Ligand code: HEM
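Only one chain comes next, encoded as structure tokens, the form predicted alone.
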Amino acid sequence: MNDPATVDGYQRAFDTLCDKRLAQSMYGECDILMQDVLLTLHGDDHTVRRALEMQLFKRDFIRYYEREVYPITLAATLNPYLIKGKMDLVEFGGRVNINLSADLAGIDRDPDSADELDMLLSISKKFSEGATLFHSTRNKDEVRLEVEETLSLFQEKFLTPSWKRREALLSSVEKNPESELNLPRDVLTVLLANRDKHDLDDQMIFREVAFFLQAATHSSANALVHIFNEIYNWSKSDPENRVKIKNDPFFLQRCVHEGLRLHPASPVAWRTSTCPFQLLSGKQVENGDSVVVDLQTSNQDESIFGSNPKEFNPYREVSGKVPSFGLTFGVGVHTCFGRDLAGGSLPGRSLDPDKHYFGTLTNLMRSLLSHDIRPDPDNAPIADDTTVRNNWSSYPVLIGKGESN
């Protein structure tokens, strides 16, 4: 087997990610969580599963969640921190997004129970550590054991009750088809409703729900911190831009997309060749060879993103039809389901904010900025040393006036 071939440059990376001769890899370090979930499937199996689950992310759901559900969740999560006047942005990002993740995955919980929310957030963090085990700096066998123990806790406390309730609802639909309107709109319900038709075994459904729980929480929480850090450092000495960021949601969305471009969730994407062929670079790969797509560098391709592509610049003009966030959400069959939900619609001709989807990240940043979020001068951010990914383990901030003011 040859050494991994590296692909960079925006167009080469784009074409490589779309090449169906290359299968997803990098997520085989923790099969107890990731085996046969959507992210790791390839070919017909992936196509069928994606079609099943894609129905959850239609435009009407995005509109409903962005404008009706998310503002309520955000306000409830943010209010205690406004009273204190401070928070850890990493922890807050996880807490505000765990409800979205649980809703999408199909996990019931008591909305008034802080203990349940804390437990679910802790479970999600451990699942994220398993999903990104490839980049972990910890002993991988120890992490696998922790993930296995967490899966058992998750099944007992959350999945089994949620599973039983949905099975009962699906049984009622068989007797009364009109009751289908009352079915939850989530991954667990979709998979249970189709398990016989598509031969989906229980353990696979279990892993898929666990994976979905962590996916939105982990990536959105990390993105939030990166975006705030970039916006704050870029605008702190420019009063005019600070005002524009707070008052112009379209410009704020540009800032969010620029932050996403600079900080893809994973700096690289790994693929495995399913047959011998020649890459666009001219390099030959054999069956089973690894191909590494450098997303970080490709998102900083000067021919696409203009001069000084490593710098944060929301005024940046992007070449052609390339999205302003680059390859951060992926392309092709593995494009992230949550792209429009988290990042919003790409700006078009309409400048009517009531007709535009800004995405949960822009709406979240808009709310935080309206409450004067700023870094805590007495507590510096701390890098996450458990992974080679460029993330923080802690990012203390001040917000609002707080109890002491």
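The structure presented is a predicted model; accordingly, all values stated were derived computationally and were not measured. For every residue, the number given is its place in the sequence shown, counted from 1.
Omitted here: the form predicted in complex with the named molecule. The next part is about that form.
Only one of 330 to 338, 242 to 250, 167 to 175, 125 to 133 lies within 4.5 Å of the named molecule in the predicted bound form by heavy atoms, and it is 330 to 338.
This chain is drawn without the named molecule; in the predicted bound form, the residue among 62, 39, 30, 52 with a heavy atom within 4.5 Å of it is 39. The single contact residue among 158, 228, 92, 212, judged by any heavy atom lying within 4.5 Å of the named molecule in the predicted bound form, is 212. The named molecule in the predicted bound form comes within 4.5 Å of a heavy atom belonging to residue 220.
In the predicted bound form, the named molecule sits within 4.5 Å of a heavy atom of residue 57. A residue is said to contact a partner when one of its heavy atoms sits within 4.5 Å of a partner heavy atom; residue 261 fails this definition for the named molecule in the predicted bound form, lying far away. Contact annotation for residue 361: at least one heavy atom lies within 4.5 Å of the named molecule in the predicted bound form.
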